[in-house]
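Okay, here we've got a single chain as structure tokens, the form predicted alone, with questions on binding and movement later.
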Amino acid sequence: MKPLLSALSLTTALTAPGLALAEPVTFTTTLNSYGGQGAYLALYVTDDSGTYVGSLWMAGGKSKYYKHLSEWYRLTGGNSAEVNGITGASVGSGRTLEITLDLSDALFDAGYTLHVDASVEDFRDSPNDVTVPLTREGAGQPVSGRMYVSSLTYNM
């Protein structure tokens, strides 16, 4: 499936009747207090073989910094079209990003993984700061990040 089509199917959740059911999912990403500039975050999904499926959200609007979200950048070839229309401001130290998206029910309990790459100016990049399987059982369960992300929770 083409990446743009994948991203559209993720974010629009195939809302046409008969294609698939969708429901709102809220992602809450809380950052550690690290004392630097706002973090760029890429939230994206891979399938059970690690193949990129689509981007859910990009926090940080200057595409020249996307290369620092190294795993997302590698998987997408740095194609900023992957995040057209799904970007917001960077997230400050100790702050929380909360986004609600309509996602296809088919993404849950089917081997898909949510990834969060993080990057902060003048600090080390953190590819796969968070990785978590998309499962119904995992909803509401906070997952700790490796560097900048204190916790990530998704609720359905």
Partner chain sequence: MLKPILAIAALATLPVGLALADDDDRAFRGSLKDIAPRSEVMSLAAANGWSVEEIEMDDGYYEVEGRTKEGREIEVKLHPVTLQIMAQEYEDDDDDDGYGMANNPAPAGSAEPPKNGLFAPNAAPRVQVK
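Positions refer to the first chain, counted from 1. What you are looking at is a predicted structure, and each value in this text was computed from that prediction instead of being measured.
FYI, the form predicted in complex with the partner chain isn't displayed, but the following is about it.
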Contact flag, residue 147 vs the partner chain in the predicted bound form, heavy atom cut 4.5 Å
no
If you check in the predicted bound form, is residue 142 within 4.5 Å of the partner chain, heavy atoms only?
no
Contact test in the predicted bound form: residue 33 vs the partner chain, heavy atoms, 4.5 Å
no
Evaluate residue 121 for contact with the partner chain in the predicted bound form, applying a 4.5 angstroms cut-off between non-hydrogen atoms, and reply yes or no.
yes
Using a 4.5 Å heavy atom cut-off, are 77, 129 and 132 all in contact with the partner chain in the predicted bound form?
no
Those residues of 46-64 with a non-hydrogen atom no more than 4.5 Å from the partner chain in the predicted bound form are 53, 54, 55, 56, 57, 60, 61, 62, 63, 64
